[in-house]
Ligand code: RIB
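Shown below, as structure tokens, is a lone chain in the form predicted alone; questions about how it binds or moves come after it.
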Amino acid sequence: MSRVFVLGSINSDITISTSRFPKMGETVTGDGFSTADGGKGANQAVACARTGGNVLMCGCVGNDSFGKALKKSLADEGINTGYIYETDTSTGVAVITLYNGDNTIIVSRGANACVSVEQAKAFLENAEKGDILLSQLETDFDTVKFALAEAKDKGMITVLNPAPADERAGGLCSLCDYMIPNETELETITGTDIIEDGLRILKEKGVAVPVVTLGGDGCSYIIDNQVIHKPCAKVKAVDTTGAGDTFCGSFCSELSRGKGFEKCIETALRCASISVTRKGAQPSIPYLNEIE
């Protein structure tokens, strides 16, 4: 079994539900206020750990109550937190508004912007061929680029979830064994809203296996130059926050245990489907016994 090295963001999520999204300058009444652990990197690390992965994480939190609680929570999940650094910058925060099973999210990067090339280099120093690097784009872009290149040089398997959407991600394609955007991110990177064309563009740019997540419609990917669509279970969505992160983390967990690509996709879709039936990002992520 290989290890999964997760380089990414660590946030405190602040969530409120509303009867509709407000218009510009408008105030609406909300309810169901809650706080929870989040951040795309942390969410993916937890999803990987809960589904059986051997996970190490690198990131930054503030030297504040949020940061200390988040670091402890990750350690309680069995994740190696030896490369999570405390900074004088405040811990990252995501403000999430829920309406009718969908969401809008505003993210303050905070300490996540402090993740450095030097930290990433130290994190990957003892990584071995066959280990997996999983990253996103909520931390410094140049640090992510360095980590992907370093991982490729070491013979690691590289997985990038290019979120939030960033046009520069097209320049990372040759460093990615797997790139997993959603529909919006795929369009931002490739310039087309046609799923099949977008996947082929990623393939032409150097991604070994491009995968796009499609929410309630499952996912699509290219294998042997053929675009394949995989549907997911139809469920009643309560909160879609973190569903893509659950997909990415559980996908890497299966990959680390030597499962075939199709099995990895199947498990990732199942985990994501379970997660949207619950509120919160990390609280919604299923455990291995739930999906088996």
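Only a predicted model underlies this, so the values are computations on that prediction, with no experimental measurement involved. A residue's number is simply how far along the shown sequence it sits, counting from 1.
Missing here is the form predicted in complex with the named molecule; even so, the following discussion is about that form.
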Checklist entry - Which of 40 to 48, 247 to 255, 24 to 32, 224 to 232 has heavy atoms within 4.5 Å of the named molecule in the predicted bound form? => result 40 to 48
Checklist entry - Given that the named molecule is left out here, which of A75, A122, V107, A208 has a heavy atom within 4.5 Å of it in the predicted bound form? => result V107
Checklist entry - Quick one: of I79, L175, A94, C114, which gets a non-hydrogen atom within 4.5 angstroms of the named molecule in the predicted bound form? => result A94
Checklist entry - Taking heavy atoms only, is G242 within 4.5 angstroms of the named molecule in the predicted bound form? => result yes
Checklist entry - Though only this chain appears here, would E138 touch the named molecule in the predicted bound form if you measure heavy atom gaps against 4.5 Å? => result yes
Next on the checklist: I'd like to know if C271 sits close to the named molecule in the predicted bound form, meaning any non-hydrogen atom pair within 4.5 angstroms.
Outcome noted: no
Next on the checklist: Does any part of S275 reach within 4.5 Å of the named molecule in the predicted bound form? Heavy atoms only, please.
Outcome noted: no
Next on the checklist: Given a 4.5 Å distance limit between heavy atoms, list every residue of 1 to 30 close to the named molecule in the predicted bound form, or none if there are none.
Outcome noted: N11, D13
